[in-house]
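In the form predicted on its own, a lone chain appears below as structure tokens.
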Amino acid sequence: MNILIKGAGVAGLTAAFALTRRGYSVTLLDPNAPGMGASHYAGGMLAPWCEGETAPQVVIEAGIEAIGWWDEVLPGLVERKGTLVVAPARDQSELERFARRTTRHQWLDEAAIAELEPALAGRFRRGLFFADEAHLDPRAALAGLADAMLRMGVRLVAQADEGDFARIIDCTGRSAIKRGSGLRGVRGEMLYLKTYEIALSRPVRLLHPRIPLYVVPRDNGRFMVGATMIESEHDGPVSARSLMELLNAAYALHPAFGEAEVIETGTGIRPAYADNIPRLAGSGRHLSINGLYRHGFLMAPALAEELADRLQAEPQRRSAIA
């Protein structure tokens, strides 16, 4: 069966990989280089239990599976170092609320935080540690997935005739946001800071009543700082207000970020359904994976495998009917 996948973000790439691994002939259609949409600006946090603060159980369960999926597909890329959640002294109620709404964590006192992240010694009295969570560099993951997929025989094209394919899988993300689609745009803004004055080993979330912040360490003194959640489809540069809020929150986490270089800013429009749950939808020849919201790297593997399961089951159903 020849399958056309439209869109080479995290949804399209994981779908292409999952289908190719099961023996399907896959063509990936995207006028841009793989991974250059909203996925390019993702945090790469594989943090299902933290996301459980607001996300339903289906996201948590898929996210747990995603940690193993990424580790299997791209060995050595996933860092299983957990997630640290802290809050300023004035916002301890936020930490208590976060603890009530999540599971699989342990409370840390000031000494335990310092042992886990020496750079934060003396800065926070209490914290939550989600030891089973992980993170990866999303850009490295998307590039690695694209390379693996091409080695497996997937064709990457800028245009294609849909009439040549038995199945069309729409993974175009924000391009699918249109009247009647059930999708809306959620704008996320992020920035990269560079400093050698602080070192972190794992993602750190700083809780705040208005703009919760996460800081994810990368290599070479770089830190990804994000991210805003704005109900908007405006695709312009990061706003001055968001930039100030992200920088102020980073400074609250550690003053060394006040002297860091701002080496990149970026925005991405993340498509979401009304319930914010990503899904495989459609029937017959046309299917779609969309609505990834803020759960792209958590949910894409599960949706890709669900798609592959669905297509594999089709001949069995036809045979049973016959």
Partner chain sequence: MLTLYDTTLTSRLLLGTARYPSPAIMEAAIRASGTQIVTVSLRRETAGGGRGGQFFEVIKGLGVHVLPNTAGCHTAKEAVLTARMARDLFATDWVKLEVIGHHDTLQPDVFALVEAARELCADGFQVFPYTTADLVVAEKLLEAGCRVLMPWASPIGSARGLVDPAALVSMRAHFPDVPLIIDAGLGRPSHAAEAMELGYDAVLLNTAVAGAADPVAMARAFAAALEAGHAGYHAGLLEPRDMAVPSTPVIGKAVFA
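Positions refer to the first chain, counted from 1. Because the structure is predicted, anything quoted here is derived from the model rather than measured.
Beyond the structure shown, there is the form predicted together with the partner chain, which is absent from this document and is the topic of what follows.
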Is residue 27 one of the residues lying within 4.5 Å of the partner chain in the predicted complex, judged by heavy atom distances? no
Heavy atom to heavy atom, is residue 230 within 4.5 Å of the partner chain in the predicted complex? yes
Applying a 4.5 Å heavy atom distance criterion, does residue 209 contact the partner chain in the predicted complex? yes
Please tell me whether any heavy atom belonging to residue 151 falls inside 4.5 Å of a heavy atom of the partner chain, as the geometry stands in the predicted complex. no
Tell me, please, which stretch of 216 to 224, 142 to 150, 197 to 205, 173 to 181 lies within 4.5 angstroms of the partner chain in the predicted complex when heavy atoms are compared? 173 to 181
If you check in the predicted complex, do 101, 234 and 276 all have a non-hydrogen atom within 4.5 Å of the partner chain? yes
Between the options 71, 245, 132, 110, which residue brings a heavy atom to within 4.5 Å of the partner chain in the predicted complex? 245
If you check 155, 126, 81, 97 against the partner chain in the predicted complex, which one has a heavy atom within 4.5 Å? 97
Taking the partner chain as it sits in the predicted complex, which residues of 24 to 54 have a non-hydrogen atom within 4.5 Å of it? Please list them. 54
